[in-house]
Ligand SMILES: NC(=O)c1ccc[n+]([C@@H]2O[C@H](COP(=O)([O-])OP(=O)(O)OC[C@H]3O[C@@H](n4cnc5c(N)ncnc54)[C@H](OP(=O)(O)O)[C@@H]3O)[C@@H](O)[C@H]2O)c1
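Shown next as structure tokens: one chain only, the form predicted alone.
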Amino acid sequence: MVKRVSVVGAAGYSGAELVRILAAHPRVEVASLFGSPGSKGCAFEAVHPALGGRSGPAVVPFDEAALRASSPDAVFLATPNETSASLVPSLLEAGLLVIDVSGAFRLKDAALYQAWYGFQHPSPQLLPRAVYGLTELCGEELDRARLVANPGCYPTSILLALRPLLPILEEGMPVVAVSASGVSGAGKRADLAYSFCEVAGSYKAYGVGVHRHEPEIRQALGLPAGSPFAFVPHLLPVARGILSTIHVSFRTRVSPDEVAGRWERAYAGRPFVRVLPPGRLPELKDVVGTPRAHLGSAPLDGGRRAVLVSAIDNLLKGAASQAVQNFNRASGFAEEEGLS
């Protein structure tokens, strides 16, 4: 069985990675590709350097009538949050599977969108229907999903490390997640702060206490707003990749072998999470350009505390390849189809 798919936002960083993956997916036919309304568009092979020599539809300015005319079975939205929020209702009414790479359907509380995203959500009734697609930690709800909210890149790196360890964390003790991302995490933008001369040779924290991924992480961890959790994002002078170091406290002394064992049990049979042996910590160079996450830990205070380290490619496991994992599961395909 082959699924016809469309990508909206195909010319952005995450969208281009989606097109690259889908163009080589053995169970996919790319039905149509769209840029932003009013954009100039481009040829198929111009979307991503790796597509040279392949044939496919041109990227054209978005038009919903044209999208429907291309008869897709599924639509990937690599679009701004408000754009996704406005498009999803009609796409669902048309019976399409929607994989949304934006943050428009990640939060269950509609009131949080005004506070963290700066807009009033137009379709709060759809928020409970959206499956939060952290693929490795999803059950049957993903297999029957029609709307998948692809997790953010920072939350993916943090949650993969933290979620399996929640039962052994010391209640009430602070959890501090320090995450550093490559500049592509900000998307394509003409902004001085993200120009080469401003970023090269520098390293800085930003969005501390106000980053929109914080409520997403709290929601996925079951942490109320007042609980002692700190998320500190940083900008790295590299193109892509996220390295997260997460400081935790345990109820009792915990060995590195027990941490690794809990991760291994949680991700047994999952092809895109690798647990490093005790004594090794993840590095960006080992995950950039891959759909994989690497996890490692270092004990502190005789095992009462630890630093958890997680590394992913923000454009792949943090966006496009995870979106395809979710598409595969929701379509009844093997999770690694088109990604291995």
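One-based numbering along the sequence shown. Values in this document were obtained by computation on a predicted structure and should not be read as measured data.
Just so it is clear, the following notes concern the form predicted in complex with the named molecule, a form of the same protein that is not shown.
Site annotation in the predicted bound form: the residue of L160, V88, A149, A78 reaching within 4.5 Å of the named molecule with a heavy atom is A78. This chain is displayed alone, yet in the predicted bound form one of L295, V47, L315, V287 has a heavy atom within 4.5 Å of the named molecule; that residue is L315. Residue contact with the named molecule in the predicted bound form: G35 places a heavy atom within 4.5 Å of it.
Mapping the unseen interface onto this chain, S70 falls outside it, with no heavy atom inside 4.5 Å of the named molecule in the predicted bound form. Put simply, F272 is far from the named molecule in the predicted bound form: not one heavy atom of it is within 4.5 Å. The named molecule in the predicted bound form comes within 4.5 Å of no heavy atom belonging to S249. In summary, the region of this chain contacting the named molecule in the predicted bound form, judged by heavy atoms within 4.5 Å and restricted to 95 to 103, 196 to 204, 255 to 263, 121 to 129, corresponds to 95 to 103. At a distance of at most 4.5 angstroms from the named molecule in the predicted bound form, none of the three residues A177, S179 and L236 contributes a non-hydrogen atom. Scanning 1 to 27 for heavy atoms within 4.5 Å of the named molecule in the predicted bound form gives V8, G9, A10, A11, G12, Y13, S14, G15 in sequence order.
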